[in-house]
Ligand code: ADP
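Only one chain is included here, represented as structure tokens and corresponding to the form predicted alone.
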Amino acid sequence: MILGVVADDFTGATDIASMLVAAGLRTVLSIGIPATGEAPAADAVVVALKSRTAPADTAVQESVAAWRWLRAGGARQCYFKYCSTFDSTPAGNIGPVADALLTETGARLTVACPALPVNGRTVYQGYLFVGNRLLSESGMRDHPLTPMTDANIVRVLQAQTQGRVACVSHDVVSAGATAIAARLHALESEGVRFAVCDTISTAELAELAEASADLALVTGGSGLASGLGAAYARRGWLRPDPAAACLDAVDGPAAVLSGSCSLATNAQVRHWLEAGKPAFHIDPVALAAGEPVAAGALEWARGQAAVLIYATASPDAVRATQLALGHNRAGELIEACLADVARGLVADGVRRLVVAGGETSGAVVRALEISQLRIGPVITPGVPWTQVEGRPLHLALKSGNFGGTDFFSEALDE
């Protein structure tokens, strides 16, 4: 193993795994830390945690344990993967986890690179943009769990860590890997612990990957991983495998489960509904009243080739539900219901399952008792098809913010 990845949610884990496979790394995704056994034989192993919105001390404990398991399996570099929209709160969890991993790896400095230009996430002068809008003016401002009201990543990260945070400005990044490495070395000598890197193009990600491939720890979204394969190959650590993304063929019904309430997923649900395709809405108020919503959804879905079962709602509707049921209870009810639905669908013969939303994906994966995924071809940047190890079941775990309006149809037609 060359790279050990600690991912803070399930969709983020498949996102970075898809980048690594595309770069020619044989990649295995482990759902959580295995209770027994050694790390699988692969160039990169990704551990998918559900720590993004966990209490900070829990997130730190789980992330450190994941890295220790990866290190015991031979990983020479640690990659802490978080969302390209830097989903966190003033209390964490990105800063506390990164602090702990700096200590574990013995690193004095690491990079913070949330940029994913292919999906419109760029950083300039330390500010994170979503498309042509500041993060704080995007739909992430209304996220029910991690509302992002400040686009300045230097300032956001500094509020979460005791270590010094600085920016590697675009003029340095655009000058290439040698200039970036020199700047990182200078910042390290000044006592800086976190270097937020301006990035506005995929070519610049490749230069950042080259400059940071020898660091004990890197942190960021999935974009930085896209350049690591070439950087490792230049060091003689890797021979890229062109067949890294091959999966077995499967046949059978398909379903989409959507728990995300992001603007992107709302648009994807609307597109499906406007096309007149079969859909079943999960009502959290009915769940709270004890109605058999999951059983009703399963009965409705039987015999249909491709269905959407969704709890996705507008920001106003989400706020109203949280006010009625409580901030956490609404989400917990929906996750539990969609997990029950996933179990029933697979028992009924569904073999392709698209899941929208990080929290929902975590609940579904655990409900299906999945321990390991093989990473396959990319549907859209950041979202690959995966196959459950040893089973004829394909999963696509989609971050709420990813994909075009026709993503659900695009995935099932892939």
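Basically, rigid core = biggest C-alpha set you can superpose within 1.5 Å across the two forms. Numbers for residues come from their place in the sequence shown, where the first is 1. Since this is a predicted model, take the numbers as computed values, not measurements.
Separately, the form predicted together with this ligand exists; it is not shown, and the next lines address it.
Taken together, 261, 284 and 399 are fully in contact with this ligand in the predicted complex: each brings a heavy atom within 4.5 Å. Checked against this ligand in the predicted complex, the candidates 198, 207, 87, 335 yield a single residue with a heavy atom inside 4.5 Å, and that residue is 335. Checked against this ligand in the predicted complex, the residues 92, 331, 126, 139 give one hit for a heavy atom within 4.5 Å, which is 331. Comparing 299-307, 104-112, 271-279, 317-325 against this ligand in the predicted complex, the single stretch with non-hydrogen atoms within 4.5 angstroms of it is 317-325. Contact check for residue 360: a heavy atom falls within 4.5 Å of this ligand in the predicted complex. Contact annotation: residue 313 falls within 4.5 Å of this ligand in the predicted complex, judged by heavy atom distances. Once the rigid core is used as the reference frame, the Cα position of residue 144 differs between this form and the one not shown by less than 2 Å. After superposing the rigid core, the Cα of residue 355 is displaced by 2 Å or more between this form and the one not shown.
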